[in-house]
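Okay, here we've got a single chain as structure tokens, the form predicted on its own, with questions on binding and movement later.
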Amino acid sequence: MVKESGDDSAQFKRILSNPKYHELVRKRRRFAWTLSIIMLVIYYAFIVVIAFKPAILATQITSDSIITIGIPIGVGIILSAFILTWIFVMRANGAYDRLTSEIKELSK
């Protein structure tokens, strides 16, 4: 266990009392939940289609193709996870890092 010095404790209290810190936590939490809900909707919609209408995913892309429509949809679901993660990282590295830097400067 790490002991806090008096300076660290005071800085910690200044950060917690800073309204920008609460703004950062609120914005980051809302954005993360939004992206999580989007991913869950995509994933569970796919599962529901598999469970109740599997013939839709078994439909061939073209009449002479062995590839069904389920394959590109499955790949799209995987890609959507990467895209949502990339969106979060871009925002975290931009807006959230700027706000974190402001909070650090104000709490010194």
Partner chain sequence: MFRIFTVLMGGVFWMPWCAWAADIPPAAPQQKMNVTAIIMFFIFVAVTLGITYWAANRTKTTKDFYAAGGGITGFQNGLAIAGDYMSAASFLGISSMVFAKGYDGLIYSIGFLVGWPIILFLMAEQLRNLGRYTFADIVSFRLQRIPLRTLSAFGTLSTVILYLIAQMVGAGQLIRTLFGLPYEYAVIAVGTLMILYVAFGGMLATTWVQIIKAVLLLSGASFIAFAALSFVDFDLERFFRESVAAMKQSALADHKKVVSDGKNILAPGGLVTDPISAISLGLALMFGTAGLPHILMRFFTVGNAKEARKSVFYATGFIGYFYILTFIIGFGAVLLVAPHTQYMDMVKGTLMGGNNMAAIHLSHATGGDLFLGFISAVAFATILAVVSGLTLSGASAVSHDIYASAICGGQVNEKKEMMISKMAALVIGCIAIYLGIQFEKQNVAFMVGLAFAIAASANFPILFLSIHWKGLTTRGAMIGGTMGLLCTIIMVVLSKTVWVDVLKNPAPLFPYKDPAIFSMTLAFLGSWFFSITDGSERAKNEKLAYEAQLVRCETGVGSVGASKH
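Note that this is a predicted model, so its numbers are computed, not measured. Numbering follows the first chain given and starts at 1.
Keep in mind that the form predicted together with the partner chain is missing from the display, and what follows is about it.
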Ala45 near the partner chain in the model of the complex, any heavy atom under 4.5 Å?
no
With a cut-off of 4.5 Å between heavy atoms, is Thr100 one of the residues that contacts the partner chain in the model of the complex?
yes
With heavy atoms only and a cut-off of 4.5 Å, decide whether Gln11 touches the partner chain in the model of the complex.
yes
Is Thr85 part of the interface with the partner chain in the model of the complex - any heavy atom within 4.5 Å?
yes
Just give me the residues of 49-77, first to last, that have a heavy atom within 4.5 Å of the partner chain in the model of the complex.
Ile50, Ala51, Phe52, Pro54, Leu57, Ala58, Asp64, Ser65, Ile66, Ile67, Thr68, Gly70, Ile71, Gly74, Val75, Ile77
